[in-house]
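As a starting point, one isolated chain is supplied in structure tokens, in the form predicted on its own.
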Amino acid sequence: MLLVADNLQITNPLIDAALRDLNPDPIHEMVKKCVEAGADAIDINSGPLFREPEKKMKFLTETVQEITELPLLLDTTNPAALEAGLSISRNRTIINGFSLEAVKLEKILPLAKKYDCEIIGYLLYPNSHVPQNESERLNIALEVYGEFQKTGLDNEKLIIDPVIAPVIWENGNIQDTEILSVLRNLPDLLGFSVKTIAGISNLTSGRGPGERKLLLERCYLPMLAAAGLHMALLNVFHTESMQTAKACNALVNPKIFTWEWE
């Protein structure tokens, strides 16, 4: 699994202030810490960026690129901001992402074709509701793939996000168990080895005891790895979760095992 840092978020007051003032220093510091923690990629979660979206996304993208050549996930629902970031990105770039919602099919999905980049497809209904079981998720996967095919991009450009459910939902733990089966069945369903990504923080969103949240995170990561997950989006400052994820990678790696894994 590639480990994608989800730490660069507009919901962080330090990042929000840095973006408001166009101050690169807090962003540089955050990215350096993510790289040191073992991140394989950086998710730039800018939010919708209602004011000066192009200027702010260009600032964010360039500021991150000044520190690292790691892949970038551009995470915004604002198409103008998204395109602004894509237009100056030098790193491998992934659009995060699109769903069956009409505006995203019309405004965001075509950008993957225009900039010849990878894009994440969420398994959500057009009204953004989360499917309730494996069957619904697989049906939506077929629709997402059908829309993606219309772009003419190669299949390797598609990444599927099954959308992890918070365990505090009425059937959240059941959904998250079925997601493991979704991950295993997607390649046969779509006819190719589709890449997948999952937002680990979704699992424990909402109220709950911190230590038990982290324990669930560490337990679920090996289950996802065994099911074939390609990319895990997580807080890379959760040290024990990162250690667990790296151990999973050592076990599922087809290369000869060595104790020198990192």
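Predicted model, so just to flag it, every value in this text is computed and none were measured. One rule holds for the numbers: they count along the sequence shown, beginning at 1.
There is another form of this protein, the form predicted in complex with another copy of the chain, and it is not shown here; the text below is about that form.
Worksheet item: Looking at 73-81, 99-107, 138-146, 163-171, which one sits within 4.5 Å of another copy of the chain in the predicted complex if you count heavy atoms only?
Response: Answer to the contact question: 163-171.
Worksheet entry | Non-hydrogen atom contact C248 with another copy of the chain in the predicted complex at 4.5 angstroms | Yes, C248 lies within 4.5 Å of another copy of the chain in the predicted complex.
Practice prompt. Report whether the minimum heavy atom distance between K157 and another copy of the chain in the predicted complex is within 4.5 Å.
Written response: K157: no, not in contact with another copy of the chain in the predicted complex.
Discussion item. When the contact criterion is heavy atoms within 4.5 Å, does T177 count as touching another copy of the chain in the predicted complex?
Written reply: Yes, T177 is a contact residue.
Practice prompt. With heavy atoms only and a cut-off of 4.5 Å, decide whether Q243 touches another copy of the chain in the predicted complex.
Written response: Contact check for Q243: yes, within 4.5 Å of another copy of the chain in the predicted complex.
Discussion item. In the predicted complex, does each of P209, M223 and N253 have a heavy atom within 4.5 Å of another copy of the chain?
Written reply: All of them do, each having a heavy atom within 4.5 Å of the partner.
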